[in-house]
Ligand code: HEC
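Okay, here we've got a single chain as C-alpha cells, the form predicted alone, with questions on binding and movement later.
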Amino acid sequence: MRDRQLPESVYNWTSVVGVAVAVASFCIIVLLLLIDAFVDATTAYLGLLTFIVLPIFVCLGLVLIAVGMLIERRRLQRGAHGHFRPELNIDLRNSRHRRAVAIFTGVTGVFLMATAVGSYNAYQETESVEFCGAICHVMHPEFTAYQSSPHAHVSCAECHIGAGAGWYVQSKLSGAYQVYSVLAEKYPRPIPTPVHNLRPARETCEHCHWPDQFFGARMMVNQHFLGDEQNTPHPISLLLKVGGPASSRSGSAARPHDSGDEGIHWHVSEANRIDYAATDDRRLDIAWVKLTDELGQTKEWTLDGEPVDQEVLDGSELRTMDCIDCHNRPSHNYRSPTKLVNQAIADGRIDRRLPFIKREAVTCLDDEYETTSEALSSIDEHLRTFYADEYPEVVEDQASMLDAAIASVQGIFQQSLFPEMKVTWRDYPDHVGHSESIGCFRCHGSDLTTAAGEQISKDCSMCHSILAQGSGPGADSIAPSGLVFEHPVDIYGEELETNCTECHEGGAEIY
C-alpha cells in the first residue's frame, strides 16, 4: 500500500465529507468577497451569505473532520489493543507527524485570521440597515417608513441597540426568535408596538438630542387643503414651544410648578420625573400619573381622583416618561392620507387645479384593499371614473395633469399603506400632537384628576401658539400674541370643547 501522507485517522468518509464541505464553503466565501469587491451593485443577501451562512458550513465541515478522526482512531486502536486509549502522541521525528502538524498549524492560522475578519464583518453586517430592513420581507413597511423619516441617515442599531456588548447580545438573542417566527409563519400582522424591551431613550436618543439643548421655540406651518372643489388652502402657522431652561430666554417667566423649565420638553427635564401606568399595550389608556419635582414633592392624578386599585397597577405597564412616550414614531412614521395628500398638493406633486382632488385622493387611499396591486389599479380606476363622469373636460384637456396626480396618489399608497402586512396609519398612532390620534390628550384634559379635582391642564398655549391660520384677508400677517383656533368649517365652537380625534381620523370621514 502506498505510504499515506497524513495520520491513518484522517482517512474516513466522515472526515472526507467534512473536508469537502469546509473547503467548498471557504472557496465560495472567497468568490463572494471578490464579487463584492469588483461588482458595484450587489444584493443585500450577499453579506448575509458571506459572513453568516457560509461560515456556519465551514465550521460544520471542521467539526465533521474532527468527529470522523475521533471515530476512526477509536476503531483503529480497538483493533490493535482491544480497547480505546484516549491519548495523543506526536513524534516530530516522524515525517507524517511533522507534515500533519504543519498542515494543522497552517490551516488553524488561516482559519483564525478568517475568523477574525469574518467575525468583524458579521458584526458589521448584523448592525447594518440593509440587514435590519431589506433582508426580511416582514420589515418592508418599517423599512419603507424609515427611508423617508428624519432619521433616515441614522442606522437602526444606533436607536434600537445603542453602544455596548450587552445590548448587542440581547438584541441578537431576541432576533433569533424573530427568525424562527418568520420561518414558521408565526409573526402577527401588523407587527405590534410599542417595543417593550427597547433600550431607555436616555441611553440612545440623548446621545444626539441631549437635554441641555432643549430650549427655544420653532415655527412650523401645517399645510392643509379643504375638501371642496377648489381645494382651498388653509395653512396653520404654529410657534412650537420646544422648551428648556426658562432662565436662558429673556422675557419668559416660569410658572411655579415648572421648576425653572417650560415648554414641551418640560416633561423630560432633569428637574422633573413623571411616572405613569398604562392599562393597555399601546399606552393609550392612562390610569395613574405621578409627578416628582426637584425638591422631592409629589402630585398624583388618577381616574376621577379615585384611589387606584392595586390590581389595576399590577396589571398595568409602569413607566418613567421619556422621549419615546411622545416621539413614539421617530423613524417609522405612518402618516394619514389626509396629511400625505396635503403635503403632495403643497409640494406640487398633485395639482390642486384638479377639482376635488384632495377629497377624491383621500377617499380612494382610505379604502380597504387586499393587495397592493389591487389598490394601485383601484386608485387609477376611481380617479379616472370620477373625472370622466363629473369633469370630462379634465380628461380631455388636462390628461397629463390627471396622470401625474394618479401616479402621485399611487406613490403615496406604496409609501404608507401595506395591505399584505395589514399596516395602516391607524395601527401605529403618533403621540406627537393631538389632531389625528389622542396623543397629548391621553393625560391633558382627560379624566385624570388629583384628589382635590385638579386636572392636568389642557391649555394649548403651554406648548404652542397659533401665529396665523387660513388663507382669507389678513392671513399673511403674524399675530405674535397668538390666535384662538378657528375651525375651517363652522362647527359651532365644538373645536374648543371636544378632542380633535372625535371627528378627525386621518381618512375620508371628516375634513
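In case it trips you up, residue 1 is the first one in the sequence shown, and so on. All figures in this text were calculated on a predicted structure; none of them were measured in a lab.
The following text describes the form predicted together with this ligand, which does not appear among the structures shown.
When this ligand is considered in the model of the complex, R189 lies well away from it, no heavy atom lying within 4.5 Å. Interface membership of P337, defined by any non-hydrogen atom within 4.5 Å of this ligand in the model of the complex, is ruled out. Residue contact with this ligand in the model of the complex: D447 places no heavy atom within 4.5 Å of it.
Interface membership of D367, defined by any non-hydrogen atom within 4.5 Å of this ligand in the model of the complex, is ruled out. The contact with this ligand in the model of the complex, taken as any heavy atom within 4.5 Å, belongs to D322 out of D322, E72, D285, D380. Checking L291, M401, A100, A407 against this ligand in the model of the complex, a heavy atom within 4.5 Å turns up for just one residue: L291. Heavy atoms within 4.5 Å of this ligand in the model of the complex are found in exactly one of 304-312, 274-282, 110-118, 384-392, that being 274-282. Residues F485, H487, P488, V489, I491, E494, E495, L496, T498, N499, C500, C503, H504 are the ones in 485-505 with at least one heavy atom within 4.5 Å of this ligand in the model of the complex, listed in sequence order.
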